[in-house]
Every structure is written in structure tokens, then in C-alpha cells.
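Next comes just one chain, in C-alpha cells: the form predicted alone.
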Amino acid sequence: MKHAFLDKYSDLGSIIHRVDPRVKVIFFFVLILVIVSTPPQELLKFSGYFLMLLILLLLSRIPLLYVFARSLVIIPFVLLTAIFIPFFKGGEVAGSYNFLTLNLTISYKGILIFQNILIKSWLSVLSLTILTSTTKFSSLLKALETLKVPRVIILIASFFYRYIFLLIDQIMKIKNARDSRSFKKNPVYQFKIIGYMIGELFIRTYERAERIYLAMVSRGFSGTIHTLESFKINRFDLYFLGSLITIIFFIRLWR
């Protein structure tokens, strides 16, 4: 079975890859906070944030198409949640359209809010994509743990990453078994079989979770995941964090 691992390019030896994971987590967290707090009408500042991310991406030597393709996944969800804002937000009318018996008006304020949500969402996801693409997932979890992120969040993310691929394998096995039995094209029959597949997957997942839980309890698992990896912040990490945060706030405060 083939899977698209989150840390597909995390083994590259670029400058960004060698930065301490805790430093990268702090930097991207600050960057996302600054992006979210930027007023929506200041488009030039968003261009500055994007230019900074593009430079980091080029330094990381990760394929641009790979990162941009992953970051654009958020766009359909943003469109589903924010596409109607321009039609319902008050303010100066930008245009009016008739659809059947409906008279729809678009306001400039609504367009600005929609544009703001779209840009901020994409830049935030692009930041997280660069973070996860330049850091091993295990190192990222270890960094979050040392930064005092609640342990339950670390455990959920760890188990999700560890067993999601087994779940994908199980889904593919069920799908192959279905296809090998000449899956009919009747829509009603298709829905019936898909319902059986979902039920079978739920039962197998529940049983596997029970076996995993019993195995962990029998081995004395206490809620802490021990690793041999250790982090050490050097002078370059401090220069990296200090200079980039200075640039971020310079862009944010520049008029």
C-alpha cells in the first residue's frame, strides 16, 4: 500500500530543516497570529507575509507544486463557509443580480470580508504546510510536548498519525474485496454495499482499538511517550527566530 506521508520531505538537509523544531513552531505560531490580526484592507502586508513564506519555501528546497497543492486544499472549505457573506453583509452595494425570484445584492464590505477570510486562511494553511513539510512528525510532537501543549492533544495526534495508515489499508482491502466480487452499477445496490462497508470498517476499527488498548495497559503505558530524541537550541536558531519575528512585526507595523 502507498500513502502520502505528512513528512515526505522532512529528511532534506536544508537550512530550514536544520532549525530546532521548537523554534519553527514558535515562529509559525507568531506568524499566524500576526496574519490573523492584520486589518483586511492592508493587502500589501499580506503580500509581505507571502513573500517571506516563499523565501522560506525556496530555502527549504521542497517542491513548490507539492506545497501549494497541499495548501490549496483549504480553499473549497472556505468557499463553502464564506461564499454567501458578500450577499448578506450590509454596506454600499457593489452590484445587484436576479436569480429566479430572488434579488441578490453584493456589498463592498461583504466582498472585503470574504477576501479577508480567503487570504488569511490560505496563508495560515501555507505556513502550517511548510512547518509540517520541514519537520518530522515525531519531532513536531516532541517539540509541542516540550512547549507544554496539553498531553491529551499530543497523544491524540500521535495515535492518529500512527494508525491512520492502518485504517487506510483496511479501507483499501475492503474496497478490493468488493471490486473482486463484480460490484454492480445499480445505484441502489451501490448504496447498500457501501453501507455494509462502513459498518464492517467500524467494527474492525473498534476491535483493533480494544486490542491496542489492552496491549498498552499490559505493558504499563502511563500516558507518556518516551523517545530518544533530544533538542538543543544553538546560536543559529536564535538568530533565525529573532530576525524573522523582527521582520514580521516590521511588516505588521509598517504604514
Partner chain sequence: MDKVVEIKNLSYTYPDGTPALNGVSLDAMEGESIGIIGPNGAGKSTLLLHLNGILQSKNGAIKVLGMPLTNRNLRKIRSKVCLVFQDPEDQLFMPTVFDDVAFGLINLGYHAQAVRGKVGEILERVDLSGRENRSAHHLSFGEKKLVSLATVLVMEPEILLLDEPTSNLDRKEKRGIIKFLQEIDKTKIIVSHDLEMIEQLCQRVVVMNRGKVVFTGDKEILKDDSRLKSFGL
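Positions refer to the first chain, counted from 1. Worth saying up front: this structure is predicted, and the values here are computed from it rather than measured.
A second form of this protein, the form predicted in complex with the partner chain, is not displayed here; the remarks below concern that form.
Wondering, does Gly220 line up within 4.5 Å of the partner chain in the predicted complex on heavy atoms? Result yes; Gly220 sits at the interface with the partner chain in the predicted complex.
Classify Lys192 as contacting or not contacting the partner chain in the predicted complex by the rule of any non-hydrogen atom within 4.5 angstroms, answering yes or no. Outside the cut-off, so no.
With a cut-off of 4.5 Å between heavy atoms, is Ala215 one of the residues that contacts the partner chain in the predicted complex? Yes.
I'd like to know if Ile225 sits close to the partner chain in the predicted complex, meaning any non-hydrogen atom pair within 4.5 angstroms. Yes, Ile225 lies within 4.5 Å of the partner chain in the predicted complex.
Quick one: Thr81, Trp122 and Arg151 and the partner chain in the predicted complex, is every residue within 4.5 Å by at least one heavy atom? Verified in the predicted complex; spot residues all out of contact, no.
Residues in which of 72-80, 158-166, 106-114, 125-133 have heavy atoms within 4.5 Å of the partner chain in the predicted complex? The contacting stretch is 158-166.
Using a 4.5 Å cut-off on heavy atoms, which residues of 193-210 contact the partner chain in the predicted complex? Heavy-atom contacts to the partner chain in the predicted complex: only Arg208.
Where do Ser222 and Lys142 end up in the predicted complex, Cα atoms closer or farther than shown, with a change of 3 Å or more? Pair moves farther apart in the predicted complex.
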